[in-house]
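In structure tokens, the next block holds one chain alone, the form predicted on its own.
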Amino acid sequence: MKLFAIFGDPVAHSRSPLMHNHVFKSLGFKGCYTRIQLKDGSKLRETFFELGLSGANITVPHKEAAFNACDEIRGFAKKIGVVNTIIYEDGKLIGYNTDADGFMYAIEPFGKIKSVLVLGAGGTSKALSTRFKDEGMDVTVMNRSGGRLEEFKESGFKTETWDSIKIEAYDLVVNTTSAGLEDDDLPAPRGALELLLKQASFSADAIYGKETPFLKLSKELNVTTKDGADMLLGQGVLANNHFTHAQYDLKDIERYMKESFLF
């Protein structure tokens, strides 16, 4: 029996154990998946080995720490310095990022997106902003303060802080912050958000399982919304494919993972 886990803080809300365990059971894979609340991201590597894990997912706020915990980085994660999936392989920790592909899967129904405003400057923001840019979108990243935006500026992104917000029209506004996960906070000042959302066609939140204040405000302003459930599904299918060493068809993984959302 192989053991897998999700590391995060908070992590009690995570649906990942239900998703992956249902896939494992349905496919006959001998695996078990659990949650681990981790306060200190620098302890991720030693905790992984102490528990004898075969793989793990990483959620906020440890995705950048996960990058540093790995011996080798593969694929898109190498480009952005952010890891959300780790696999144990021949004594080494191998890091991947499935967030961006999961999000692109989620917003497919929105159609062609030309401009996007990304709220937040953490690991999820790095992954999504870079992928959006790769897809040819015009990307602006907004954060409460400017410190974490320096890396985005160096990578050629437009950046804004709460003190320098320019009210412009964006096709899509995305919240990558934890605002609304365990509180009633908005990811930016309400007045500015209202003006931005009034000019947007779509909004999306990386948070799932609840209507966040950001999504509630979006709906009040007649903006088409998506929560993080489809992003969770998309990244989860790809992560599970890594966990099971690509021995199953992606469509089968997706089918059983979708079933888990009915529980």
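Sequential numbering from 1, following the sequence displayed. Bear in mind that the values here come from a model prediction, so they are computed numbers and not experimental data.
If you look for the form predicted in complex with a small molecule, you will not find it shown, but the lines that follow are about it.
The stretch from 130-138, 86-94, 67-75, 116-124 that comes within 4.5 Å of the small molecule in the predicted complex, counting heavy atoms only, is 116-124. Among heavy atoms of L181, some come within 4.5 Å of the small molecule in the predicted complex. Using a 4.5 Å cutoff between non-hydrogen atoms, L186 counts as a contact of the small molecule in the predicted complex. Taking non-hydrogen atoms only, G31 never approaches the small molecule to within 4.5 angstroms in the predicted complex. Although the partner is absent here, S164 is not a contact residue: none of its heavy atoms lies within 4.5 angstroms of the small molecule in the predicted complex.
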